[in-house]
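Only one chain is shown below, in C-alpha cells, and it's the form predicted on its own.
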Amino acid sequence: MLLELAGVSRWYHTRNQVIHVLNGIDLSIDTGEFVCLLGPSGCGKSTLLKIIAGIEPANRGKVLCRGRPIQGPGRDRAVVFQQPALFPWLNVWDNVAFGLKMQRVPRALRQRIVERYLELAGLSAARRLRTYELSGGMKQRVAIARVLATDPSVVLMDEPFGALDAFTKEQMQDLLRNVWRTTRKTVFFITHDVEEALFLATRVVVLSPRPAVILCDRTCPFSTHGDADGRVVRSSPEFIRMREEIIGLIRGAQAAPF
C-alpha cells in the first residue's frame, strides 16, 4: 500500500475553544489510484491533504507513505495548489525544469524529461513564454508538468481547477485524465465539484461536516471508459445516477447533526 492513514484526527486550539476538524480518518491508497475527496466546505479536506503532504501534523493516528511515517514534506509527495505557484522571472521551460535542477539531474536527462512533460501537457509551443503571458489554464498546465517532471510517488492536488472558467475547467479535466492514463501516477485530488470527481477518479471519498468522518468510499468506473468523449461520459445514465447519489449524501450530511 502506498499511502495509509489510520485513526487520523486533527484539532486546533483557539482562545476560547477546541475546533475538531478530522475525527479518526482511516484511508488506504494504492499505487496508480486516482482518489477524489469530496465534502462540505470547511469539513477538513485541505487539512487532510496538508497532513499527507507533511505540511501539518496529525494530533492523533498514523500517516504512512510506503510504510514509513510522514514527518514532513518530501520528494515522494508533490502538491498542485489552486493558484499555481510559478516563478514569474522564468519561462515555461525553466519553470518545468526547476525541480529537476534542484535535484541536480544531469542536463541531458533533464532536457529529455522536460520535453516529455511539455508535450504531455500541451505546452511545447509555449516553452519560451513568461508566466505573465499565460492564461489561467496554461499556468495550471505548467504547474502540473513541473510536479510530474520530478517523478513523485503521489501527486496531491488541492482544487487545482477551482478558479478557472467552466470551459477551461473542462479542458483541464480532459488533460489531467489523459495525463493520468499515460503516467498512472497516484493522485489525491480535492474538489467541491461532484461531476469533476466522478469524471476523474478511480475512487470517490466523501467526508462529513466536521469533525469529519468518511461517509462513503466508492469505486468509480468513468476515468477508465476507453476514449469516450467527456460529454458523453457525463451524460450517461450511470454517471447521472452516481452524481445524484453523492449529491444527496452530501446534502443529507449537511442537514444531519454531528
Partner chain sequence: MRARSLTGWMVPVAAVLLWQVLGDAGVITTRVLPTPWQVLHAGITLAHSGELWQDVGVSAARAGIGFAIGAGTGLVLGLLNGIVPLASRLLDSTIQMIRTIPHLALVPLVILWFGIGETAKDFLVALGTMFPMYLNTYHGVRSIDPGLVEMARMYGLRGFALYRHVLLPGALPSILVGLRYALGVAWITLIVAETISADSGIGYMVMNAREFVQMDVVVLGIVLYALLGKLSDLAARGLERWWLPWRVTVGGEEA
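Residue numbers count along the first chain shown, from 1. Everything quoted here is computed from the prediction, not taken from an experiment.
Although not depicted, the form predicted together with the partner chain is the subject of the following passage.
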Only one of these stretches, 72 to 80, 109 to 117, 161 to 169, 174 to 182, has heavy atoms within 4.5 Å of the partner chain in the predicted bound form; which one is it? 72 to 80
For Arg130, is any heavy atom within 4.5 Å of the partner chain in the predicted bound form, or not? yes
Might Met102 be said to contact the partner chain in the predicted bound form, defining contact as any heavy atom within 4.5 Å? yes
Spell out, yes or no, whether the shortest heavy atom distance between Arg141 and the partner chain in the predicted bound form is within 4.5 Å. no
Is there a heavy atom of Leu86 no more than 4.5 Å from a heavy atom of the partner chain in the predicted bound form? yes
To verify the annotation, which of these, Ile55, Leu64, Val233, Ile214, has a non-hydrogen atom within 4.5 Å of the partner chain in the predicted bound form? Ile55
When the partner chain is placed as it is in the predicted bound form, are Arg10, Tyr12 and Asn59 each within 4.5 Å of it, taking any non-hydrogen atom of the residue? no
